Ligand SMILES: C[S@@+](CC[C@H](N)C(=O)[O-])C[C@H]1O[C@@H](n2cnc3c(N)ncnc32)[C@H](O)[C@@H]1O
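Presented as structure tokens, the chain that follows is alone, the form predicted on its own.
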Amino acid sequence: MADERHHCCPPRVGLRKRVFAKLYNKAMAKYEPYIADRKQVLFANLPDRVVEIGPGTGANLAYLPSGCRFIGIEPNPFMHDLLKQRGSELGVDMEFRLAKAEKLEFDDDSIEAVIGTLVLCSVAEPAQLLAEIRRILKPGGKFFFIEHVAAPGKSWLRFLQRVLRPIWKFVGDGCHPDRDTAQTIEAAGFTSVEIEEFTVPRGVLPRFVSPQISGVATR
């Protein structure tokens, strides 16, 4: 693992990713309890094999059904030890891979369910990732998601998101606070898309990432 980490990132990028992984659970300490009921409903009927894009430190592992086979695609290598520890605590049969999500190493039509929470904000090519998710899903397979999104176009919050984007992208491991992710999902070619908009209360997360969506896209 040490050699893999050494070669995966330039030193400065590696340091930033290490710090991000170290602070992630603390940063999400209020959000995860807040979002728990929504996740419980969203993930209520997952199948016995699930792929997660960007599982981070394993916040979603607790919602997997008993006996589920979990495959996590996590490009930040400094998350892996925390993810492994969380999986071990929960007794999850898991595998995780150090890979970029825009090129998923699964066969076409091979996966029943893909999940991703707060991940489309930070991938380099969200449309390409969604195309890959659609490719690997079986017909009728589902992509379950929760994302923070851009505020309405002419609002003061959208202006704030644009202003803060360079700083937030640097400290947030590539996170863009002003992506219109709902539109990107709707344009990705899924057979059907169900999206619910909601706002995270002040004090749970910074205001500029409070507009959020959750939903299911079906292949």
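This is a predicted model, so every value here is computed, not measured. Position 1 is the first residue in the sequence shown; the rest follow in order.
A second form of this protein, the form predicted together with the ligand, is not displayed here; the remarks below concern that form.
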property	result
Proximity of Pro177 to the ligand in the model of the complex, heavy atoms at 4.5 Å	no
In the model of the complex, Glu112 touching the ligand (heavy atom, 4.5 Å)	no
Contact flag, Ser122 vs the ligand in the model of the complex, heavy atom cut 4.5 Å	yes
Partner contact for Glu74 in the model of the complex: the ligand, 4.5 angstroms, heavy atom	yes
Output flag, Gly56, Glu102 and Asp173 jointly within 4.5 Å of the ligand in the model of the complex, heavy atom basis	yes
Among 154-162, 180-188, 62-70, 46-54, the region lying within 4.5 Å of the ligand in the model of the complex by heavy atom distance	46-54
Sole residue of Val149, Ile133, Leu118, Val92 within 4.5 Å of the ligand in the model of the complex, by heavy atom	Leu118
Any residue of 15-30 that, in the model of the complex, places a heavy atom within 4.5 Å of the ligand	Phe20, Tyr24
